[in-house]
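Next comes just one chain, in structure tokens: the form predicted on its own.
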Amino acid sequence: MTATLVVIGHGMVGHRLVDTLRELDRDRRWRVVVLGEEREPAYDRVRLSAYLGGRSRAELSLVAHEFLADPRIEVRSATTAVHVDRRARTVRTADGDVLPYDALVLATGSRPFVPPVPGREHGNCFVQRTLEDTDALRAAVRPGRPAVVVGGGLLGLEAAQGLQLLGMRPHLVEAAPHLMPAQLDTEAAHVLRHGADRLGLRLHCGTTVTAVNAGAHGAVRSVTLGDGTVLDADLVVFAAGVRPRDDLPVTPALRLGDRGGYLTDALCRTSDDRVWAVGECAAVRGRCHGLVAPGYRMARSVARQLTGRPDEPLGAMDTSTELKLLGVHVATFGSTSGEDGAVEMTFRESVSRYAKVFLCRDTGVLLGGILAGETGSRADLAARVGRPPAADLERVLFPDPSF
């Protein structure tokens, strides 16, 4: 007998779940209805900065023709879920349809966090979370004019770099003392800042935007910082992080994590055994994850469970990163917390490259590390996590560029 799975959310993680289910469901047990709020089916949200720079929607798409043509899959784009009735096991949409389900997956993702700054509602204030957001931002770009990006994490740096490539003169404001505070330590961030200075990006760390000031026509004219500095700005991009979307009306209500998100166990199961949550909206054992790799791991776990395949409870999530920003390669791998008595070893070479690795105090095995600049391969180093580091560790971290 065919059962119905409803997936609320057709972002990267929701799509990965359904695509994996298609692969594993050899008995064709499931019919799947996917509800996506955006007009566009799933796309690579991580590459929105590339779209800002001129990449096409087709280049970002994650949806193959075979997926849309599969008779087991019904994708309803531009369709918003407005209520879940857990007793009746139904989902109601904004256009009045009531969809029965045998299993339900919440993949509602997250929404941008906009600090409660006076004036944030003025014209030419943007977030960059969707293709439509990015279209609106690109339409407002005026080469040669100043802009302000609020947030010095990954999202903010990519937005600032995108605006700079389009000819604007961006300022970047970060409340923490240095860039990418969630991933990098002070010295790694110093290497990144050197790259920003080299490219002419103007940084303001350790301060906040306290007001967005409008001109005569209601659009942004400038912003005021916490130290009283006023920065001219034709537009403002808020890139200060995200918050889980956990506000879909569900009756009876599902349990939420202390910091938001649908609370799940280590198998992504909510307090209802017919309802799972995956991706940024899921508080797995109380913790939300804002990266796509943990979301993909959740998606595979749920797809396996739905097709009767046992799956190991989710343990430590892969939060490693690797990217090139402002002309600087930065990466993390394994554990970078330095907790539990880990031994830290630091390597640096002027302002061009820096590395820190964490070793287990008792066994000496490699736990993880932080890389910035022209360092060795993150993949090679990550492969040694849980094993003793290479005898020539410094040479691995800082290979001779002449070879």
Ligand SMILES: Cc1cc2nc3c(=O)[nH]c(=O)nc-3n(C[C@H](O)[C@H](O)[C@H](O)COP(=O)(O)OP(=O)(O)OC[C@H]3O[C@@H](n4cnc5c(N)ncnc54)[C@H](O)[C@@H]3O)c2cc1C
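None of these values were measured; they are calculated from a predicted model. We number the residues from 1 along the sequence you see.
Although it is not shown, the form predicted in complex with the named molecule is what the next lines describe.
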query: Contact of residue 72 with the named molecule in the predicted bound form (heavy atom, 4.5 Å); finding: no
query: Residue 174: touches the named molecule in the predicted bound form, heavy atom cutoff 4.5 angstroms; finding: no
query: Partner proximity in the predicted bound form: residue 12 to the named molecule, non-hydrogen atom cutoff 4.5 Å; finding: yes
query: The named molecule contact at residue 210 in the predicted bound form, heavy atom, 4.5 Å; finding: no
query: Contact residue in the predicted bound form, chosen from 157, 237, 107, 330 - any heavy atom within 4.5 Å of the named molecule; finding: 107
query: In the predicted bound form, the one of 80, 271, 229, 251 near the named molecule [non-hydrogen atom within 4.5 angstroms]; finding: 80
query: Among 213 to 221, 190 to 198, 122 to 130, 97 to 105, the region lying within 4.5 Å of the named molecule in the predicted bound form by heavy atom distance; finding: 122 to 130
query: Closer or farther: C-alpha pair residue 351/residue 324 in the predicted bound form, relative to this form, given a change of 3 Å or more; finding: farther
